[in-house]
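So this first bit is one chain, no partners, the form predicted alone, shown in structure tokens.
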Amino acid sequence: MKIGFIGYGSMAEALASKWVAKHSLFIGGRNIEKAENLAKKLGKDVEFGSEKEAATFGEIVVLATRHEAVFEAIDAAGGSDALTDKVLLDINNPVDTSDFLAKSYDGLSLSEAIAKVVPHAHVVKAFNMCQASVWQMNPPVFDDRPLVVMYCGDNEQAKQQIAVLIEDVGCEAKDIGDLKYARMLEPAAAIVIKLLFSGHDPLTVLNLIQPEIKAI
């Protein structure tokens, strides 16, 4: 698959490093030098450039900015028209660290708010439940069980593509339904974020134990 990243921070680097061997990657952002640095770190075949170039390149576009910058990044990528028919992967958490509550957008999750702005893209929520160091694990395994990555979205084909990327990271993919269930994933991630800020180990996760799946 062709994956365009908008953003070049620790989450982008951790996920891209797991996908670079199997997929074509493009690192985009407003700071071209930072995008270039990450692209070169990942490998000689990784391209880099602007947000708009990343959106043009990717069949899957990863929103890997801070949550406060998501809508600005969408505008920089060319807006709704540039993202039509793209799979838009939202890995963000709109959590205010003053009280560790997930922000609501008139009753909607961030993912749903994104979908309203880009109605012809296929938004999928995934990879928001852990911080970058977890995705750097090879693979993410806890108590001899692979990490379960819950995801949601309204387009089945888009979700199947994201499930492949979840498995490429070494995790179990768990579809929890339509995009409206991002309203559950974002507050769940807020719990982890609160624990991390209180001093818990960076590898702290909420994992789903599935008895029907055998431990490694």
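It should be emphasised that the depicted structure is a prediction, and the values quoted were computed from it without experimental measurement. We number the residues from 1 along the sequence you see.
Quick note: we don't show the form predicted together with a small molecule, though the next part is all about it.
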Within 4.5 Å, heavy atoms only, one stretch in 138 to 146, 99 to 107, 122 to 130, 78 to 86 touches the small molecule in the predicted bound form. Which?
122 to 130
Would you say all of Asn31, Ala69 and Glu72 touch the small molecule in the predicted bound form, counting a heavy atom within 4.5 Å as a touch?
yes
Do Gly4 and the small molecule share at least one heavy atom pair within 4.5 Å in the predicted bound form?
no
Contact between Ala182 and the small molecule in the predicted bound form at 4.5 Å, heavy atoms?
no
Given that the small molecule is not shown alongside this chain, does Ser10 nevertheless sit within 4.5 Å of it in the predicted bound form, heavy atom to heavy atom?
yes
Quick one: is Ala64 in contact with the small molecule in the predicted bound form, heavy atoms, 4.5 Å cut-off?
yes
